[in-house]
Each structure stands twice: as C-alpha cells, then as structure tokens.
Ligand code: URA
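Okay, so here's just one chain, in structure tokens, the form predicted alone.
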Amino acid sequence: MAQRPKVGAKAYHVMLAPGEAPRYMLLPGDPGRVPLIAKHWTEAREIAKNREFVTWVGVYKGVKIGATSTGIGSGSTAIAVEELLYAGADTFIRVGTTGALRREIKLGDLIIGTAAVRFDGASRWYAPPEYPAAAHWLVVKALIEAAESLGVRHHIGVVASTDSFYVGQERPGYGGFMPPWSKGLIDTLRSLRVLSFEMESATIFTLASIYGARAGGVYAAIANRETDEFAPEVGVEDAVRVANEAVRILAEYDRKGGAGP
C-alpha cells in the first residue's frame, strides 16, 4: 500500500504533524476567515500556511481550539479532513456561507445543517451514494444551543453540497450555458425541503462518519435564490460566534461523558 505523503512528520498539504491540531477544529473555506474566527480567542497564533490551507490554534473560553481553511469544494476539503485527523483533530465544524432556497430564510440568518445532499465529488470515492452525509447529533445540538444562547436567528435542516458554483447550483454558466440536467434543480430541492446550497459539508460529514469523528456545520445565508438577493458578508460574524461558542459547549459535553446536559 502506498504511504501517505509527508514532509518529515508533517502532512503534505496542511503541514501539521501529529499532536499539532487540537481536537476541536473550525473549517472555513476562505483562508481570510481564519483570523476572523481567531479574533474571538484569548490566545491565537498561526502555525501553518500552505496553498489554501491556513491553520491557527488558540484558546476560546478555556478550550483549546483551531481553525483551518479548506478552500472551495470537496477535493481540497477532503484533504483537509484527512490530514487534520492525522494531526489530532476529531471534531469539525464547517463555518461558511450559503445560498438559501426558501423565501422565509432572510439574508443574515444562519442555517445549521443536520445532513447534506451529496452532490460533491470527493465523497463518492469514500462511500456509495446511498451512504448518508449526516452531521453528528451532538455537534448539531451544541450549534443549536449556541445560536439560542446568543440570540441569533437560525434554521435547522438539510443542505445541498455541490462542487459547482454555477451550473451545479442552477446558475447560468458563461454565455448562458445550462446543461439540461441542471434545469429545475432548485425546484426539486425545494420540494424536498432542502434549505440551501453550499460546497463542502457533504464531504466533511461523510468522512467524519466513516472515520468515527464528529462534524457539523453552520452557515450564514448571504444569498436567497427565491428572492434573488445577495449580500456577500452579512451574517458571517454571527456564524463565527456561534461556531466558537459551540466548541465551548461541546467541550463541556465531553467533560460530562459526551451525552450533553
């Protein structure tokens, strides 16, 4: 069997060695969002930066915590999860943005994902399409408790993860290109009560389940596909606050034996 590529003891892409990642890791897509997450910590420092993968570690309310950017889509996200597991993480919370599919989800609202439709590419190499991309119940519980304690408007349900920002989300490609299999996708997902589009959670949830880790996701609704609204950064700060607070709550659950209050 081929060996996992490393640079010394460090995983090849995220450039972290075993023991360098805390168990609780927040996963934004955007490298620029990592320091925005870390500004809420009492201790924070960058420990690795390579390609799209930027990692900071620190302390939030007495809990060791980390954040690594995954880049966009499933390929780089699968690499991040694989290598962060190697470096010591076992709990992942995606902190991202999303395009809502339902009118009642307002710009700036948060969505907490319970599961993800697997329109990504990477998870298909790990499990057949029938295998669910489900968030861990305790992470979902912690995210809900965090959102409620912070007074942040939120919605709970299934999201859809796709590697394609344009035609894979029923947006016209260059010159208006739209393949026939993308037409009607949004209406189909609405009929299934899927809340939004995003691009990484199906990969994170699937890999975490396979490897016995835990994962969840919280997303700021920066677009609404039914009302055709778009505001690129609205709600992001709330998503960051909720994710950080959920880590504190998870750490408390874990101290009590992992069952919650």
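Numbers for residues come from their place in the sequence shown, where the first is 1. Note that the structure is a prediction, hence the values are computed from the model and not measured.
Just so you know, the form predicted in complex with ligand URA exists too; it's not on screen, but the next bit is about it.
Arg190, heavy atom within 4.5 angstroms of ligand URA in the predicted bound form | Output for Arg190 is no: heavy atoms all beyond 4.5 Å of ligand URA.
Please run the contact check for Arg171 against ligand URA in the predicted bound form: heavy atoms, 4.5 angstroms, yes or no?
-> Heavy-atom contact with ligand URA at 4.5 Å: present for Arg171.
Looking in the predicted bound form, any heavy atom of Met199 within 4.5 Å of ligand URA?
-> Output for Met199 is yes: heavy atoms within 4.5 Å of ligand URA.
Non-hydrogen atom contact Gly99 with ligand URA in the predicted bound form at 4.5 angstroms = Looking in the predicted bound form, residue contacts with ligand URA include Gly99, since a heavy atom lies within 4.5 Å.
Listed range touching ligand URA, judged in the predicted bound form by heavy atoms within 4.5 Å, from 175 to 183, 143 to 151, 104 to 112, 162 to 170 | Among the listed stretches, the partner-contacting one is 162 to 170.
Candidate from Ala208, Ala223, Ala48, Val34 lying within 4.5 Å of ligand URA in the predicted bound form - any heavy atom | Only one option qualifies, and that one is Ala223.
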